[in-house]
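One chain comes next, on its own, written as structure tokens: the form predicted on its own.
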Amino acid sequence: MPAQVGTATHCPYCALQCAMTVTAGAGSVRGDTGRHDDATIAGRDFPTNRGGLCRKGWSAADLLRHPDRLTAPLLRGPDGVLRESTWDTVLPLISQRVRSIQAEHGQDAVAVFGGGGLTNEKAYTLGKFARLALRTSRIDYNGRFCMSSAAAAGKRAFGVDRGLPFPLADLDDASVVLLLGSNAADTMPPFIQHLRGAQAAGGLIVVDPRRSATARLTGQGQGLHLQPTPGTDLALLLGLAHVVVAEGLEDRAFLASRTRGYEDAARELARWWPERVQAVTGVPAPLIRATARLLARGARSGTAGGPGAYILTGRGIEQHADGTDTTTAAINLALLLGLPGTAGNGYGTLTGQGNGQGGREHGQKADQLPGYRGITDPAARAHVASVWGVPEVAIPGPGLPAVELLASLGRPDGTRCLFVHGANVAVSAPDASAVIAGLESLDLLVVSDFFLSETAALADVVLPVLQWAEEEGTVTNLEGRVLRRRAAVTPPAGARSELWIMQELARLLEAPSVFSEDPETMFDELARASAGGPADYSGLDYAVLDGGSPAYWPYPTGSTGTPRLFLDTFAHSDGRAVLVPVTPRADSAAARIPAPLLLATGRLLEHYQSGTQTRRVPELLAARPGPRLDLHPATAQGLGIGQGDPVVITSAHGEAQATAHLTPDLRQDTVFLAFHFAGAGNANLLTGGPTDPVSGMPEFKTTPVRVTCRTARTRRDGQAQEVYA
């Protein structure tokens, strides 16, 4: 039998979008699903991963043949049980229910929640579907929980948001890299090879309250680890910037020729001398000065043509109610040093979800139209309306950001019907108990997924859709590089593309414009809709992407793309970047005296997002089978908690259960819980509260909690009794 030819594609997980080859075996087709049982994965040489994959990527094929795979629509019966149905039954039912709900409660009673893992074609079509087929303004997506603060900060500083405005491989030549709030060694392991140069030069600087796997890379003279109190990153960044200005380390020529706002920003910095910052953050003043000086030396070297300096931010400083201001402080520091738009130096933010970059560019955000256009901009509305072939008035105005949208579920004047695509909000959203209650109170919940996620299990209708290796499409990785994702295996006979689903529902709802199940058709329309916008894809099509040359946006017609943004100009009308003065709020974690025990949530090496996929891979689940609360041994001793004890974590929003893991790798005022687990171990039962006023980002990293030991004892009547120590 001849060897099977592999299909070149990309990993379904993080925004590194590691290249891989998927080979479908010739035999062993299971049942009547048309699905190969023996697909295999191999790493493929590519600039971001250079042939490497993490354990999630290596095991991704397990999901293609998983017994939990949904292969037929599910419909909830009068008895409350989900049972298999047919497409001919569920799609007309959905359209009828949408019409009746909107007739009774108004157009915005129907809402859509999307995801940063959807292909560009699906994200684009979902935004169009919401606005033209459902005729609602209410659409947002789970990237609001991930990248929204960095996006808002980038837009106000640079005029545009692209995670990394330079190719990832540029980091290889850096002598100094400041990494704030990212545990990339666990979340995107192949990324770490790009930090080896900075490590070798002793210039890797990691800011994290935990001594994470990434922070441990700074050991043995390879760099510095700064361990601030959770929620005080903004003060720390102001302290670093203070040293740069006070010691004359700023790039004055760059500031004069390429920025504005220096005077106002510098005036605010005067109040944040290192000793004051030490009192707020717990980071020693000498270490603050040493960090600022190391960054400045690297920046000067990069400007002179040597190995330079880069500042990179991640979710740890962005997932706060002041995440936009904190990320802005990081950008201000980078601008003071002359890093953005300078060859050999740079600033960027590490996108998390697989298509987190493309997913926020083309219309599934509440306030945006395709091409990263503002939905209230008359010119943007007119352009998109012309591409869609509808009058401008047919496009609704801005909707609600994710937290507000989810808070409206089930309310009499709120959302009565919700479509969910590529998200598992019952696990991933803050204040999960309230979200679950809202989902249960809806008149109609329609979830598209390939597994019965915790959100899908609550749905009235579940639509089985295709997975990453079963469909064609594109994604945009953390560098702004547009990539082809290719079909490699045959999908189950009963599953359908989300593009097909939207096409059929748009037809039933008598929507104007074109909705096509062909991804190339929708990509070509996306390119036209994005033309002239900040994220311009108009020069791209599948032939260009299949040609093998790197394709970085903006890629207007007639160009060859833009690997490095800002080399000549920033995206504001005057061509300058903006330093925006920021200061910690009075109600921030930095102002809590004495500081409470603070919960930080985050990711593990073995799992991804809400765990819907990775908790179904046996080897990944075996490595991390359930929720584990990390806490310092001294903290645990004071609470009477031992290694492996069952614990209850309580916040103002609810309580969760986990197993105690004692480790000296985090501060005594900090506990850590991963957010990949459902049920009683759901970390987002604890989170909630205020959101960032600019980005709508929830507070995920500084939730005050109480931790108690949970033990099981037997009462005299022989029944188990929960006792809290």
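For every residue, the number given is its place in the sequence shown, counted from 1. Small disclaimer: the values here were computed from a predicted structure and weren't measured.
Omitted here: the form predicted together with a small molecule. The next part is about that form.
- Only one of Ala285, Ala487, Ala457, Leu604 comes within 4.5 Å of the small molecule in the predicted complex through a heavy atom, and that residue is Leu604.
- When you look in the predicted complex, the only residue of His383, Arg373, Arg210, Arg258 with a non-hydrogen atom within 4.5 Å of the small molecule is Arg210.
- In summary, the region of this chain contacting the small molecule in the predicted complex, judged by heavy atoms within 4.5 Å and restricted to 72-80, 418-426, 297-305, 512-520, corresponds to 418-426.
- Remark: Tyr608 counts among the residues lining the small molecule in the predicted complex, judged by a heavy atom distance of 4.5 Å or less.
- The small molecule in the predicted complex is approached by Asn183, whose closest heavy atom lies within 4.5 angstroms of it.
- Proximity of Cys146 to the small molecule in the predicted complex falls within the 4.5 Å heavy atom cutoff.
- The small molecule is not shown here, but in the predicted complex it comes within 4.5 Å of a heavy atom of Gly231.
- Every residue in the set His320, Ala600 and Phe675 has a non-hydrogen atom no more than 4.5 Å from the small molecule in the predicted complex.
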